[in-house]
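Have a look below at one chain only, the form predicted alone, in structure tokens format.
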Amino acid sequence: MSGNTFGSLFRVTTFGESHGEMVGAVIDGCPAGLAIDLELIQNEMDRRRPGQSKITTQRNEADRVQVLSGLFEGKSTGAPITLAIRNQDQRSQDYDYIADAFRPSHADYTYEQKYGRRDHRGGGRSSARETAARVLAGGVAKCFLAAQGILVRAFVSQVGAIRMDSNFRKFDLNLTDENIVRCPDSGAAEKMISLIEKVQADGDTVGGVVTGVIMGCPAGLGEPVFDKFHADLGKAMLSINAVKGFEYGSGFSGVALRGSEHNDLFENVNGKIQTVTNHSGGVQGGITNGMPIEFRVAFKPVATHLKQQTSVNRQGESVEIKGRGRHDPCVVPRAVPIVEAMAAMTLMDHVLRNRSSKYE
């Protein structure tokens, strides 16, 4: 199986399955001497871990971070960093019912077509459990970015048809984690939680949107042809389980504007060049322009729910399937740290790449 490594200079390879011994990440390319805040990384894992609230899956995993290599006296050594968490609350028998059948909108059928076999216990590598390894690596990237004055934030901006105020600047993003749905708009958050609870009681699931904001990013990151910054960021987000859409800046809504309305005019503010508006979302020509990078990630309703569905088995025979086990009624509250992690990894990779862009 290829495709388990992300990045160019800051390279992250994830390993492990949902119902295996552990999942983790091997990080190569981290400069030596970087102070690694393991408490920060553990906090990121706690934000993502299952069983954290009444609106998430009740799988009970502590997700305690283990350092296997690459750190000495709290700093990176320049060698590969290996971080892992152990799986402790697997219930593999919950998946016996799909050992021979294909769940609708899961990777069961496609995996079997590609590899000729699959690990039906929780989906194996296709399980969202794999994203825990990304959060481990993202924590390392956040340590690096903090030293550069770059801050990556994400929050839930929509659940189902319920949206928070589109002007997120009205709200204190530091309050994002003050409610279980991770929406900084407390009024919208209450409605989102109520909707998730109703959907959960119905045995169903609902999707949503996570908005990301990167602040303090310098101008000049990104390669202008195939490795545009927003292209790499989009690939990072679209690689997350259940993601169905990515947009940055004005996104799809920008098509309704005229060019004279959409252009971001430059101005000089106390010696710093910036733009009056930010329809570009902080990226122009595939290169960051120093403005906040703003993007949105759409997550589909979780494919596993408790309602009866029809499908087929390996023999092509019709079967009835009803979800079992422990699953999220809505993935977006736990997806927030995953979005932040993938954004941080993309940023760190481009910061390192940019150091070779010009001679000074």
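Predicted, not measured: the structure shown is a model, and the values here were computed from it. When you see a residue number, it is the position in the sequence shown, counting from 1.
Heads up, the form predicted in complex with a further copy of the same chain isn't pictured, but that's what we're talking about next.
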Should R117 be counted as a contact of a further copy of the same chain in the predicted complex, where contact means heavy atoms within 4.5 Å?
-> yes
Check whether Y248 has any heavy atom within 4.5 Å of a heavy atom of a further copy of the same chain in the predicted complex, and answer yes or no.
-> yes
Are any of the heavy atoms in H230 no more than 4.5 Å from a heavy atom of a further copy of the same chain in the predicted complex?
-> yes
Is there a heavy atom of G216 lying 4.5 Å or less from a heavy atom of a further copy of the same chain in the predicted complex?
-> no
Contacting member of I98, A128, V206, V152, with respect to a further copy of the same chain in the predicted complex [4.5 Å, heavy atom] | V206
Let me know which residues along 22 to 39 have a heavy atom within 4.5 Å of a further copy of the same chain in the predicted complex, or say none if there are none.
-> M22, V26, D28, G29, P31, A32, G33, L34
